[in-house]
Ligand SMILES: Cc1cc2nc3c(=O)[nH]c(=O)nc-3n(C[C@H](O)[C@H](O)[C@H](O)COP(=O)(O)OP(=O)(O)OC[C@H]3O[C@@H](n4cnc5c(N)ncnc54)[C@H](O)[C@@H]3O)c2cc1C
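Below you'll find only one chain, the form predicted alone, shown as structure tokens.
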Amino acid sequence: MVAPFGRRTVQITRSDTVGAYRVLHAADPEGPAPVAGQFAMLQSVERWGGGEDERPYLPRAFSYARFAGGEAQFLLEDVGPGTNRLDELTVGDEMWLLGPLGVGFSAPADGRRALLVGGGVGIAPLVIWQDTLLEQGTQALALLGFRDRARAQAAELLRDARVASDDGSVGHHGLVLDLLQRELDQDAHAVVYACGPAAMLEAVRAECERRKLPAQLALESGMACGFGACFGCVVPSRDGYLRVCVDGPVIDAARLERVDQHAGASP
């Protein structure tokens, strides 16, 4: 799915607090439905920069967490001036949206099951992907890692998720990679879909390479345009550089020798 050219105005219809995160709901009746794994460039219509107190911002890229009935949902964490302004939006406020953009996930082949591995706010595209797979009758087990209990509350966005936490406050005390390894030891006939911090993505990539398993990684990188024109979001691959916004964000793990430190979502 390719976005119509040019951004459009959407209105916030709901704003939910989920632990340390925010889920923004926006009415987008004119927008095409995204493929799971695609993203949109977002910015508020009002107070989006300028002057001494509001520095100019580029739009921020956010994966679609859900889309139904002409309403889009986005998961965000207040970590800087751009996300702070979006976090402040309430019902009736407007924001600019450009999307859906990029390449999404593709379904498992050869009868493989789907293992969804997410970390932090990077779980967003896995929410809509699990919905899609379950609607298609495909098993989709979610394995999620979070820093602490507050962030782990976002696991409720997915069905029957297994959780790991860095501080041991929820679920397994350790890395989400531990959960993945345990699951693959039991049944390795799977495709792994992952989105999260760069270190997590690199660990997943290396584990799947070692086991010779297919994996699809949703990368994140700083973007200015979303259309591949600025080359600001390039990442190295085995056959040259890729632009995350048009060649990804979902990229076959086999194309990557490594996941760079700037190519992951916030932990």
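Residue positions are given as counts along the sequence shown, with the first one as 1. Keep in mind that what you see is a predicted model, and the values were worked out from it rather than measured.
In what follows, reference is made to the form predicted in complex with the ligand, a form of this protein that is not presented.
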Counting only non-hydrogen atoms, the one stretch of 173 to 181, 146 to 154, 129 to 137, 70 to 78 within 4.5 angstroms of the ligand in the predicted complex is 70 to 78
Report whether the minimum heavy atom distance between residue 106 and the ligand in the predicted complex is within 4.5 Å. no
So in the predicted complex, does any heavy atom of residue 205 sit within 4.5 Å of the ligand? no
Answer yes if any heavy atom of residue 219 is within 4.5 Å of a heavy atom of the ligand in the predicted complex; otherwise answer no. yes
My question is simply whether residue 235 lines the interface with the ligand in the predicted complex - judged by any non-hydrogen atom within 4.5 Å. no
Using heavy atoms only and a 4.5 Å cut-off, decide whether all three of 82, 124 and 249 touch the ligand in the predicted complex. yes
In the predicted complex, the residue from 223, 26, 198, 35 that sits within 4.5 Å of the ligand by heavy atoms: 223
